[in-house]
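Presented below, as structure tokens, is a lone chain in the form predicted alone.
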């Protein structure tokens, strides 16, 4: 028996195609201006393009046309590479949102249609996107719950790890305060009927999609400091390259514009500036693959500074239910009378507290005939 495991590839065809397209879109100076280093490289590329046109019009002091075209092409490729790295990281984040959206829209739902005022067992499989508030659907073992709702009939064991991260299956049943189910979770056993309780676009999956799509690549404090440092280095190397012109004239050594620009781009931290934005987005994507939604790069940076994280994880060590364990009557009040009053008050209570009170009365053998009647 062979097992096929789906992995997240770094260079998926669809992501690469979208990233290549965005690489050219990001050449817009209004976008590049946010990154001083790459904006400077873009200005150099435009300037070199003008030099090539100048040489084509007869200028001979700037070297051969082929040499200048090669320099221009290398600068353009440097820009496109930096844009591609950032666009690929962004595309991976968008792919996560698209995957959640596909789960929301393509999950089959066994919708139960009403006949008069009664719901019969006639069903029709429809996409989850066609479910509306108030519709009733059936879920059996192995089915993915298509929409948020409330169980109106049955009990089932449900795997909610994809949504909540809880590795242990949970029990959901009709009545009480544990009857709600979430779209995207999986039924492991038994069968339940569920009534949709949310309007289209308001489910838990929709909120997750909105969080992923609304995640903004805000600059972190460290990134802002590094950007200022890189801008300072860029200014210093502009001054260094400009001062080479007087020295070249003094030594009677002509220096071409292509040589100035090539030296300048090699001196400034071009690689760091080009990959700086991609690093932040890649951190957000890495957290997302671990089912952790980060709304900004600052959140990723903050998470990296944490040494210990404490979570209130009720249900892993404890039973996770509120359960009555003992009757504590006031003085001069018979325990049987007190227990009988508690049972009477809990007959219609479908919560874990109400059910456990009746179970406790049976265990304590309080008013046996009365408990048998309740049972």
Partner chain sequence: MNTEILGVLLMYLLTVALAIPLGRYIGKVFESDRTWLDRLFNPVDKTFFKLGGIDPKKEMNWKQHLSALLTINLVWFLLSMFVLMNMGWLPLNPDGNPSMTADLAFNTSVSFVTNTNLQHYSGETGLSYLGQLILMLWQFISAATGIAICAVVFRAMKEKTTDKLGNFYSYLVRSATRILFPLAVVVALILAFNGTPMNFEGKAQYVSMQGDTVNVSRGPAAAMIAIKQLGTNGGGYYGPNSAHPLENPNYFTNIVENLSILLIPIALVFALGYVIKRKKIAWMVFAVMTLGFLLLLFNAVYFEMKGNPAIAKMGIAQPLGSMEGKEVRFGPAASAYWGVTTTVTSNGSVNSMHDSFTPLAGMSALLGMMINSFYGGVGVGFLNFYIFIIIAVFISGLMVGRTPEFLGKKIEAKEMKIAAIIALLHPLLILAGTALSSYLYAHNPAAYAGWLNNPGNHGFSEMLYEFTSSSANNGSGFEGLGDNTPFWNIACGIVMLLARFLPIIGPVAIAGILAKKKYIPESAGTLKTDTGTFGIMVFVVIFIVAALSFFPALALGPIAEYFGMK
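Numbering follows the first chain given and starts at 1. From a predicted model like this one, the values you see are computed outputs, not experimental measurements.
FYI, the form predicted in complex with the partner chain isn't displayed, but the following is about it.
* Asked: Of these, 79 to 87, 177 to 185, 133 to 141, 301 to 309, which stretch puts a heavy atom within 4.5 angstroms of the partner chain in the model of the complex?
  -> Of the options, only 301 to 309 has residues within 4.5 Å of the partner.
* Asked: the partner chain in the model of the complex: within 4.5 Å of a heavy atom of each of 47, 54 and 60?
  -> Result no, not one residue of the spot touches the partner chain.
* Which pick from 74, 152, 171, 244 sits with a heavy atom within 4.5 Å of the partner chain in the model of the complex? -> It is 244.
* Asked: Is residue 260 one of the residues lying within 4.5 Å of the partner chain in the model of the complex, judged by heavy atom distances?
  -> Taking the distances in the model of the complex, the answer for residue 260 is no, it never comes within 4.5 Å of the partner chain.
* Can any non-hydrogen atom of residue 161 be found within 4.5 angstroms of the partner chain in the model of the complex? -> Flag for residue 161 set to no.
* Asked: Does the 4.5 Å heavy atom contact test between residue 226 and the partner chain in the model of the complex come out positive?
  -> Yes.
* So in the model of the complex, does residue 123 come within 4.5 Å of the partner chain, heavy atom to heavy atom? -> No, residue 123 sits far enough from the partner chain in the model of the complex that none of its heavy atoms falls within 4.5 Å.
* To do: Between 225 to 243 and the partner chain in the model of the complex, list the residues on our side with a heavy atom within 4.5 Å.
  => Counting only heavy atoms within 4.5 Å of the partner chain in the model of the complex, the contacting residues of 225 to 243 are 225, 226, 228, 229, 232, 233, 235, 236, 237, 239, 240, 243.
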